Ligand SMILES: NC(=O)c1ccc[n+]([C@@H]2O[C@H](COP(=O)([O-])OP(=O)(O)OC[C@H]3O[C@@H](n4cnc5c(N)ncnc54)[C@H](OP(=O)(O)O)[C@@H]3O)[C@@H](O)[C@H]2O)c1
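One chain comes next, on its own, written as structure tokens: the form predicted alone.
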Amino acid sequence: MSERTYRVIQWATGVVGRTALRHFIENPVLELVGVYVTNPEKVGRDAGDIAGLPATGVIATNDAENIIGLDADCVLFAPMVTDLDMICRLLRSGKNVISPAGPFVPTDRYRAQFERLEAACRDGGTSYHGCGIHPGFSGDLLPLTLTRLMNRIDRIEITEVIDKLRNPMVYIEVMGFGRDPDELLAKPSRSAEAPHIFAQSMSIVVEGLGKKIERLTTKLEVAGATQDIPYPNGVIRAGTVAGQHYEWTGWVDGAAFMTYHFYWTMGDNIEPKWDNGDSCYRVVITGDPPLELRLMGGTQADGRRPFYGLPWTALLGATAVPAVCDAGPGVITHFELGVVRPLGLVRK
């Protein structure tokens, strides 16, 4: 095993960033050398303080030029919205970049973005890798790995189930909970670009099976609150949107082949009430033999399983740092990265 230590920078410290930050501080194979923050209240704070750990001596800054000038092997780039210009600057400065914010896979729709990334990688002698839990692991690497257990595949369905009342997130208002149902159906809060962003992940599976997505179709249904539903930032009023089911399907050889389902709810007091169980990612492959797998958090004291979507997103990027740094220059998808061997996870 390599005895090398990898010098890393954490860019942005939201839920994803803080999880990655903690990993970088605690992992003996990684050395945290810089932290970029967007919140003025975090400027000047020690990285350990931000992560809930002892002091590290690494002080957070909002000076991008300072970060670009640091000597580092890799940046985990985790802002709320991706910034392709900044990613390219970081790559040209000699730093590999891992981005949970994407872009993820060079599909035709995003070809121009990846041409820019490839050029920046050539200039800097660096690598770029886009990854996360979804788009990412649950929708591409996990199902593609499971296809090794199949003799024939007829259809693949990936379902994301999140009870956002039991797992509060910053996305509750952004995603349109509390809106009028008819208004949301007419004008969804989720971007029209979202299905195409996720289709990058879908293409990994389809192309890994030797096929190509011919077209993408979408559906949306909503559920209404049957009573007022209080949550940390307010109240979802009775009759307003308290559940959403997005369905995005990739068609192959003229048939619906791969579908992503997203079931988001604000608790149980909704109608219709979808019976999906605890928050999880579910992979169902129809064929010979049929297969089903659920990925979920471990059981807590109250018997429920928490949803770790954002922390998992962080760790998928953080544990890939050595592999991305050791890869050759260029855009690195799961195909180029191969089997990642996470280092520094087994500790005394």
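Residues carry their position along the shown sequence, with the first being 1. Note that the coordinates shown come from a computational prediction; the quantities given were computed from them, not determined experimentally.
Keep in mind that the form predicted in complex with the named molecule is missing from the display, and what follows is about it.
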Partner-facing stretch of 318-326, 66-74, 33-41, 286-294, counted where any non-hydrogen atom is within 4.5 angstroms of the named molecule in the predicted complex = 33-41
Could you tell me if Gly330 has a non-hydrogen atom within 4.5 Å of the named molecule in the predicted complex?
-> no
Could you confirm whether Ala12 comes within 4.5 Å of the named molecule in the predicted complex, counting heavy atoms only?
-> yes
Contact test in the predicted complex: Trp251 vs the named molecule, heavy atoms, 4.5 Å | no
Answer with yes or no whether Leu184 is in contact with the named molecule in the predicted complex, where contact means some heavy atom within 4.5 Å.
-> no
Answer key: of Trp274, Tyr171, Tyr110, Tyr231, within 4.5 Å of the named molecule in the predicted complex (heavy atoms) is Tyr171
Would you mind picking the one in Cys88, Ile133, Val105, Met175 that has a heavy atom within 4.5 Å of the named molecule in the predicted complex?
-> Ile133
Could you run down 67-95 and flag each residue that has a heavy atom within 4.5 Å of the named molecule in the predicted complex?
-> Ala78, Pro79, Met80, Val81
